[in-house]
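Starting off, we have a lone chain in the form predicted alone, written out as structure tokens.
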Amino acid sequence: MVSTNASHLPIHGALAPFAKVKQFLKAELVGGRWPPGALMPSEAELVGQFKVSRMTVNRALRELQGEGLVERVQGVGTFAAQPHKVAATLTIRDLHQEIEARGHTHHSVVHLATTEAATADLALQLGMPEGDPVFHTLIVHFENGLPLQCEDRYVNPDCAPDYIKQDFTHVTPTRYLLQVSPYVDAQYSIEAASASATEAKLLGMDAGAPCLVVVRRTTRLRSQLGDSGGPHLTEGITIARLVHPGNRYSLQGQFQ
């Protein structure tokens, strides 16, 4: 639903520079100036046309891409999207790349990296025997020095045996797991919740403050492990609880 509250509209009708670029391109796309698959003006051309910075143009194009109106190919250019390709997706993205795409800096602090015995509930979620070893990490990710995400993650050692040996101040768990154990299925749970005392401390916010909480579980085929798995054809790779301060993070989808 799109809000029409006046407080959300630009003051006196003024548009931010990136919004002017976005509005122009969107109107031309709707008007058919660039048919699906057509190459659109380059960033340099738009910078010259609107007399704005490259960062401003990049933001306009990113938002159009997020709305499924354009497709961007690094080193090639921006193309009008194919309108018949409509599939709502919530993409698993590496937070480090997401932050860098905004022109910001990312760093992380590892608060826990250990091996534990899987509880009954965790064993069920990951498709492993209760009491078997499971990797557990607790990491806080920062954007421009401000805490953005508290990542509490469990990993099935069968899927990523060297997970616990990684230096997660240099590579995010998401990036590492996507490299060593590609998933075939991902399940999400998204809710608004209050920060616990521990989460609030790690995120530098008040206890009980509103948060966006994403719980994500990924699985892969047991055949990827050379194991038929009997009646269970998939194996849990990881389950992660991702907690974000409500005033610092927005969850975005993508249409492809």
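The shown structure was predicted, so the numbers you read here are calculated from the model rather than taken from an experiment. Take the two forms, superpose them, and find the largest set of C-alpha atoms that agree within 1.5 Å; that set is the rigid core. Position 1 is the first residue in the sequence shown; the rest follow in order.
There is also a form predicted together with the DNA; it is not shown, and the following applies to it.
- With the DNA left out of view, the stretch that reaches within 4.5 Å of it through heavy atoms in the predicted complex is, among 198-206, 25-33, 66-74, 212-220, 66-74.
- The candidate site formed by 43, 52 and 78 is fully in contact with the DNA in the predicted complex, as each residue has a non-hydrogen atom within 4.5 angstroms of it.
- The DNA in the predicted complex is approached by residue 58, whose closest heavy atom lies within 4.5 angstroms of it.
- With a 4.5 Å cutoff on heavy atoms, residue 17 counts as touching the DNA in the predicted complex.
- Annotation for residue 192: C-alpha shift under 2 angstroms between the shown form and the other one, rigid core superposed.
- Superposition on the rigid core between the shown form and the other one places the CA atom of residue 54 2 Å or more away from its counterpart.
- The two forms, fitted on the rigid core, differ between the shown form and the other one by less than 2 Å at the CA of residue 207.
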